[in-house]
Structures are given as structure tokens and as C-alpha cells.
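Shown next as C-alpha cells: one chain only, the form predicted alone.
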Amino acid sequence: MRVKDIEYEQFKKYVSCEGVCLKIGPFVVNVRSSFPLVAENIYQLYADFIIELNSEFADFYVCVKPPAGLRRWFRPQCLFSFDGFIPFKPLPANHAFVFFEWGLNWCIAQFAHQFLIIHSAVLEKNGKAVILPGMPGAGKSTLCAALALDGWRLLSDEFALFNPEDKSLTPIPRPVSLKNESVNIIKQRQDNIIFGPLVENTHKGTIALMKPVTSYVDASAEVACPAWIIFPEYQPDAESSLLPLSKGEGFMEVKKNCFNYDVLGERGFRSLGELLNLAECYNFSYSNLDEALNIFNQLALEK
């Protein structure tokens, strides 16, 4: 059963009481919240995801709840908890849903050590996947959203989950997080894109999340083979430029974007080496999304 198969009022009741278990990529996430904003956004943006009611197992039990005391009335706030542990300071109550998204990112980065975890977008075309590591402001999510709307299968906007056992990338196609001017840039590219509401005044600016295409969610069990690691950088008025990197340079740059390289120790070193053996590395600068898409589509044809 999918989220959209449940009547909304019933879904909201489950979320506010015992929680609902969402199948998100390789993980089962039990999410509970008394904030209607959380239920509303999950119902809209996770509509195509498999849901389990009254499940006895989840990888992550998360909750977004108001803090205790008078503050909940005079200055409404929200807290994120994982298995009863509260890892972050409270945020304004209108950030409740994005707090769920950020908190789930933290859970995966902290505990999914069966994978080498890289902070990057991941997309696939013709059976080959591109990994797009990027620091904030590099244009990673904007490029990811544009590629996902142009026929590239979205595996993730946040994580490359590299499995060293079979040398594959595991999908986790959640909503794509866009911020500030990127929201309107992507909205203007197609008429049928579904976005959640704008969330203003976050520490990242104004945020909106783009619903993943149904077919990408349906393909969550289909792993992909890494073929390219491309480091994007948005540069105003720059011509698009794709420049190769050596394996050594690529290794060091990817390492900077790994969440658990040090945690994995020797296994992390071997896993990253195996990934670099499979993928070609490039630096990519761009200012025009259409030019960028042409370059990526040509790359997919040549591989």
C-alpha cells in the first residue's frame, strides 16, 4: 500500500499517534509527529512511497514534536528526536517538515555504515550513474533537479550509498531540496512539477522540496553502476566546462565529501578505492542549465 492509497484524515491520525512506517530506499522509517505540517507534506511529497501500518520494525524511529513547557505556546517550536534522543536544538514550528528531512539525513549519515556514504546527488541513465558531490552553493541540487526532469533517474539528492560488496549505488529517491532562487529556476522548466510549500528563514535560506517522479520511487530497488564522479560548481556567466581529474585528485575530493570514511577505517579506504576504479572523475563548471544537460546527455551516450 502506498501513502496516497490512504484517506488523508486517517493518515494524519496514524502519524500523530503511533506513527507510520515509510519504505524509503533500503530503509524503513517510522515517523511520528503532532504537527499537521509534517503529515501534510509527507502525504503530498511521499505519496508514491510504500507505507506499513502497525509495523513492528523500523530502521529509524523519528519524531518531530513540540518542546515541553510554556514555550510551545508563546514561541512555537519543534524538536527532532531519534529513538528518544534529541540531537539538535529546537527550530521554529513552521520548520517541522524540513526538520524531519534534515533529521533523517543525520540518521542515515550516522548509522548506515553498511555503505560508504558520500554527500552528493546521484542520477542514472542507460544503466550508468553519475555522482555529484558538492558543497552548499555549488549548484548540486539545481543540476540534480534539472537532470531528473530531463530523463535521468533520480537515486538521491543527498547521498551516494556505495555498497562495496557488489560495487553498486543504492537508490534513496526522496524529495529534492532546493533553496532560494533555485526554486523558481526549476519551477519554470516544467508545468507539472509538484513542490511543497516554501519554508522561509531557515539556516539555508528559503527552502522548497520537489516531489520525486513516481517511476523513480518505483525503481528504488534497482541499484546502479557508478560511471562518473563529477564535481559541479555554478559560476555566473561562465561557459560550461568539463575537465578530467586524475584518480588521485578524485580520491581526495570525494574523501572530503564522505560522511563515514574515517568511521569505516580500512574498509572505507578500500571502498573508496573500488569506487574510483569504476568511475571517471571530472570538475564541471556551468551557468546555463540547458548547456549542462546537453553535456551530461552526450556523456551518457559515449559511455
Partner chain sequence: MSTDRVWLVSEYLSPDFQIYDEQAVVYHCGNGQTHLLSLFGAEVLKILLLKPGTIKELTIALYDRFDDVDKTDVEHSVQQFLEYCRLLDVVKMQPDES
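Computed from a prediction, not measured in an experiment: that's the story for all the values here. Residue numbers count along the first chain shown, from 1.
Keep in mind that the form predicted in complex with its partner chain is missing from the display, and what follows is about it.
Query raised in the report: Honest question, do Arg2, Phe11 and Ala39 all end up within 4.5 Å of its partner chain in the predicted bound form by heavy atom distance?
Result: Result no, not one residue of the spot touches its partner chain.
**Report entry** Proximity of Asp237 to its partner chain in the predicted bound form, heavy atoms at 4.5 Å
**Finding:** So Asp237 does not count as contacting its partner chain.
**Report entry** Contact label in the predicted bound form: Glu249 to its partner chain, heavy atom within 4.5 Å
**Finding:** Although its partner chain is absent here, Glu249 would touch it in the predicted bound form, with heavy atoms inside 4.5 Å.
Requested in this report: Could you confirm whether Gly273 comes within 4.5 Å of its partner chain in the predicted bound form, counting heavy atoms only?
Outcome: Gly273: contacts its partner chain in the predicted bound form.
Query raised in the report: Taking heavy atoms only, is Lys255 within 4.5 angstroms of its partner chain in the predicted bound form?
Result: Because a heavy atom of Lys255 falls inside 4.5 Å of its partner chain in the predicted bound form, the answer is yes.
Query raised in the report: Out of the stretches listed (259-267, 47-55, 28-36, 60-68), which one is close to its partner chain in the predicted bound form, meaning heavy atoms within 4.5 Å?
Result: That would be 259-267.
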